[in-house]
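Let us start with two forms of the same protein chain, each given on its own as structure tokens and named structure 1 and structure 2.
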Structure 1
């Protein structure tokens, strides 16, 4: 099949700014995007620059934006892209500085990974055993799932929050953090949870699910973030407004079966809520601030019972 590509090019040695170049090339039916750009490099444009290595979605080198979504070029099929979008547009990963063409500077991403102390920190008071540490096989599944992360940065660069808040540690680093939180051999769980709960940590996640959607390995970083949040809650690490928000939510459903929109801001932000006054006033004027005392839903007894029973189950 003859396929057209539009590829963003930029060589800092000669170009003032990035531009797009069109290519057309004959490809086999099942060609991947990586195979295509290798063919373009070999047959048309030797200057076209990109990273690649394993061809099997395990090294993470060839992450790039394909039709405006971060993907591994070796996993993306040309025919699928053409079917879904009619054409193929290839650009470098978002947010990171372009070194050349599709090659970006990954350093800011590596710094985020380093932030979560991605290595085992065994309990210092416990001497290492002579043999391996014993691990319940049921707990390794979670760790192996997160270990599937190949650090390709697809999730990080497509994250809707990290896109605009460069401080946000991001989904890949949080998933890496959870990999160690979930590891029963690790002895620094609380320390990790506290650091993962810092201002640019897990509670900055807006649950846009872009990470889970783009992950080429099925790691589901949002699920990892959920699990850290859950554990932080369980272990009483609850000072962040994000977790207060969750607590307030829980409390209001427990009280009335419904979310109480009127009390949520106060319970989340405490006195900080004062800063939100102008907005609240506008909403109030439009009748958008409901009365803070709300009637429970019919059959509230059932909901109360569910709360009781699930408390007991834990």
Structure 2
């Protein structure tokens, strides 16, 4: 089949800005996007630059944006992309500096991974075992699931929060952190939870599930972030504004069945809400400030039953 590609090109040494080049190439139905761009490089444009290695969705090096979504080029099938979009648009991963064409500088991503200390830290007060430290079977699911991560950066570069807040540690790093939080061989659980709960940590997650959607290995970073937050809350690590916001949200629904947007900023930021006065004034002038006193919803008893059942299951 004849397939049309539009590929972003950019060599910072000679180009003022990125541009797109169109290609057409005959491909077999079974071809992957990676096989296609290799063919384009060999047959049409020898200057096209990209990374690849295993060709088996194991190394993660061929991650790129394919039709506006981060994917592994070796896993994406040309026929699927053409059926869905008609043609194929290929761009480098977002939020990372382009070195040349589809090759990006991964250093910022590696620095986020380093922040979560991705290695076991045994309790220094615990005597070393005579043999190896065994994994508790109850935590095997978390350890194995998060160990499937191939560090391709798809989830990190498609993360909506990372787009707005460059300091956000990102879903890949948080999932990696949860892998060690869950490991019973690690002796720094509380230390890790406190670190992951700091500003730019787990509570900045917008719960949009974009990371889980693009993960090519089924790691489900959002579920890992949820589990970290749950454990941090259970252990009393609740000083971050993010968890205060979540608690205020919960209290509001528990009290009236509604979200009280008027009191939410005060309960989240405390006296820090004073800095939001100019925005509050603009909202007031536009009629956007909600009334702080709310009547409970008609089926409030049903909502209370949900809370009661949830608390019994904890």
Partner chain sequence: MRYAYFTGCVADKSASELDYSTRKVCEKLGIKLEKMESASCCGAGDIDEVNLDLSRALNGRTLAIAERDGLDVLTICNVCTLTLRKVNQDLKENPEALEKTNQVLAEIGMKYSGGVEVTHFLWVLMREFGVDRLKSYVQRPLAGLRVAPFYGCQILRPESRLGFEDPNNPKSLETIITALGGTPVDYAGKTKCCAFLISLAREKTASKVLGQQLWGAKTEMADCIVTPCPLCHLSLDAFQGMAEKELDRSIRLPILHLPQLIGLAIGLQPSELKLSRHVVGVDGVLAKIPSRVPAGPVPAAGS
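We call the rigid core the largest set of C-alpha positions that still match within 1.5 Å between the two forms. These numbers were taken from a predicted model, which means no experiment stands behind them. Residue numbers count along the first chain shown, from 1.
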property: Selected structure - the one that is the form predicted together with its partner chain; result: 1
property: Check: residue 303, residue 154 assigned to the same rigid part between structure 1 and structure 2; result: no
property: Smaller rigid part, angle turned between structure 1 and structure 2 (C-alpha superposition) in °; result: 11
property: Core-aligned Cα shift of residue 287 between structure 1 and structure 2, given in Å; result: 8.4
